[in-house]
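There is one chain below, alone, in structure tokens, taken in the form predicted alone.
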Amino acid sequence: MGDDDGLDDDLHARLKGYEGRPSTVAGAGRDPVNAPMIRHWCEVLGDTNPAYTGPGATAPPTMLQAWIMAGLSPHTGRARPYEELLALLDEAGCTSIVATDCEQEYLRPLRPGDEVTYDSVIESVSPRKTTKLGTGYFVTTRTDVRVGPDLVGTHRFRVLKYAPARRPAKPPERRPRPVVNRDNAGFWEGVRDHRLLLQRCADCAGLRFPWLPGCADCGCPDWDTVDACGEGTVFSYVVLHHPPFPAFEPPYAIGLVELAEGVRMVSNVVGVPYDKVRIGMPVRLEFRRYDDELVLPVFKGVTA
């Protein structure tokens, strides 16, 4: 992370003008400090400190921010300067934001029944910074938490408001390579030559797919091959919407295709919208080249 010279930065000079201005005035915690929230907090963190249970219980100090969080409701007492500061950064192209860190100081324990109030100010705006995420400004707010007139803690919260760095264009993802071994190498050699080869048992003449080292019906280890004619029908199918995989663009249809020869194989059903694929739809074999190395058999839907 490096500093840019902020002395002559007109934007930074304008941002510095917001330092010391309020971001929340007379905010109030939505609930008093209470035992159920303390119990939930300790259960989640696995904190079994006896100081947080029993009649004289105190709240874990790190819960300081929990008592002032607005949840899904807008913050009460929110002042305009903070929104103006963020809008100014948006106009300058710093449209992204990420929380970076927080610091807390504890002055006295909080106990069940305490009702907290708080005031926040914009404490500092850094010079322009360059990070891996992009270039922008760190904005720190300080929140003073009170019970009655007594200051019980201080919470500093820092965000980076930045213009996202431009990422170099990624090369297109390649489809996964098929696993080729001694049992199926002949099939993939056929695909490379635009032939869909089925195994045929030398004993019972049964056809099989996928390729196997021996016949599952009679056990004969000997076989030859026949070329599939390429005609078939959709026996079953699914449409993949999620999750996306590299080199695939969902949604797309994956079919279990029954070939005219009687065997079934899984492949993409193409040439028709994914939501028009139906069981029983006629399909015809095609070979598609996806890159310099990869050719795959797919089935094109045949519509009337």
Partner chain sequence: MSARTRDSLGGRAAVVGIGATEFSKDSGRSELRLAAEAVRAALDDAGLTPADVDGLVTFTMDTSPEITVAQACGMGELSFFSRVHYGGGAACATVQQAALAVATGVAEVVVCYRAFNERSGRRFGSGVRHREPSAEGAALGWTLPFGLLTPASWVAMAAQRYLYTYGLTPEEAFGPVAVTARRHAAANPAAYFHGRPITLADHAASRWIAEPLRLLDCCQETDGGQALVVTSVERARDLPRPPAVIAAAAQGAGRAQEQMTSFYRDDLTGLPEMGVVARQLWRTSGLAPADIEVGILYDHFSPFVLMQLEEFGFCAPGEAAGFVAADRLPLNTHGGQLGEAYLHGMNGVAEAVRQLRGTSVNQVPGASRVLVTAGTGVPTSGLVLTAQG
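Positions refer to the first chain, counted from 1. These numbers were taken from a predicted model, which means no experiment stands behind them.
One more form of this protein exists, namely the form predicted together with the partner chain; it is left out here, but the text below deals with it.
Undergrad: Give a yes or no on whether each residue among Val33, Arg80 and Phe157 has a heavy atom within 4.5 Å of the partner chain in the predicted complex.
TA: No, the whole trio is out of contact, none within 4.5 Å by any heavy atom.
Undergrad: With heavy atoms only and a cut-off of 4.5 Å, decide whether Cys229 touches the partner chain in the predicted complex.
TA: Output for Cys229 is no: heavy atoms all beyond 4.5 Å of the partner chain.
Undergrad: Might Pro210 be said to contact the partner chain in the predicted complex, defining contact as any heavy atom within 4.5 Å?
TA: Residue-level check for Pro210: yes, a contact with the partner chain.
Undergrad: Is the gap between Met265 and the partner chain in the predicted complex 4.5 Å or less for some heavy atom pair?
TA: Yes - in the predicted complex, heavy atoms of Met265 and the partner chain come within 4.5 Å of each other.
Undergrad: Can you work out whether Val180 and the partner chain are in contact in the predicted complex, taking contact to mean some heavy atom pair no more than 4.5 Å apart?
TA: Output for Val180 is yes: heavy atoms within 4.5 Å of the partner chain.
Undergrad: Of these, 211-219, 145-153, 130-138, 159-167, which stretch puts a heavy atom within 4.5 angstroms of the partner chain in the predicted complex?
TA: The contacting stretch here is 211-219.
Undergrad: Only one of Ala28, Ile279, Ala260, Val44 has a non-hydrogen atom within 4.5 angstroms of the partner chain in the predicted complex; which is it?
TA: After the contact test, the surviving option is Ile279.
Undergrad: If the cut-off is 4.5 angstroms on heavy atoms, which of these, Arg108, Arg200, Arg195, Arg175, is the one near the partner chain in the predicted complex?
TA: Selected option: Arg175.
Undergrad: Out of 220-246, which residues reach within 4.5 Å of the partner chain in the predicted complex, heavy atoms considered?
TA: Residues within 4.5 Å: Phe235, Ser236, Tyr237, Val238, Val239, Leu240, His241, His242, Pro243, Phe245, Pro246.
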